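So this first bit is one chain, no partners, the form predicted on its own, shown in structure tokens.
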């Protein structure tokens, strides 16, 4: 299922167009007509992102954003407005917006911005957690330090190498899906990013060859699996 999006827009034509377009793009949009309805709806069900018009009846978009932030400080918010002055954009970001789009705008651009924000949010969900150290066979991996330690020598990893190894370690002895990994680390699933990931997988295999009980294997049509035979 697609990301759950709350859209708060009082213009019935634009609101319906937004809902229909987001539906077609595979999201799950819920349309609200004013600020108070938006806040009531937000408290009844979880959402992945909010798209808020600034000029709303009963409660403006900035006030609504502040109230939503009081419930969930991390929920991404995109503001929609007819105001295009720099100070208006600054006000939007000061009021907790992750992005700010001026009307009229391209529906395709809005979809791309939603995708980008959700990717960043998901990347943070994956990597901003308290589990940052892993034992992999005779190796010890510290994600924060980007160090792969072994009795026979340590290896300093690059940022992407460390991110990829962390995802593999989080799924140790389980399949790590290729598309999920590409979208989380590289932000997209394309031929070129897939080839790039293959290169990084090859590098990690080289780093891990000091322990014959540890392997990264291909799972045809699905992705990769970090196998630790000592802890399988």
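Just so we're clear, the structure is a prediction, and the values are computed from it rather than from any experiment. Numbering follows the first chain given and starts at 1.
If you look for the form predicted in complex with another copy of the chain, you will not find it shown, but the lines that follow are about it.
Among heavy atoms of residue 161, none comes within 4.5 Å of another copy of the chain in the predicted complex. Contact check for residue 140: every heavy atom lies farther than 4.5 Å from another copy of the chain in the predicted complex.
Within this chain, residue 71 is remote from the site of another copy of the chain in the predicted complex, having no heavy atom within 4.5 Å. Proximity of residue 112 to another copy of the chain in the predicted complex falls within the 4.5 Å heavy atom cutoff. Using a 4.5 Å cut-off to another copy of the chain in the predicted complex, not one of 81, 180 and 189 places a heavy atom inside that distance.
Residues are counted as partner-facing when one of their heavy atoms sits within 4.5 Å of another copy of the chain in the predicted complex; in 96-110 these are 96, 97, 98, 99, 100, 106, 108, 109, in sequence order. The gap between the Cα atoms of residue 162 and residue 112 is larger in the predicted complex, by no less than 3 Å, than in this form. Relative to this form, in the predicted complex the C-alpha atoms of residue 160 and residue 114 separate from one another by 3 angstroms or more.
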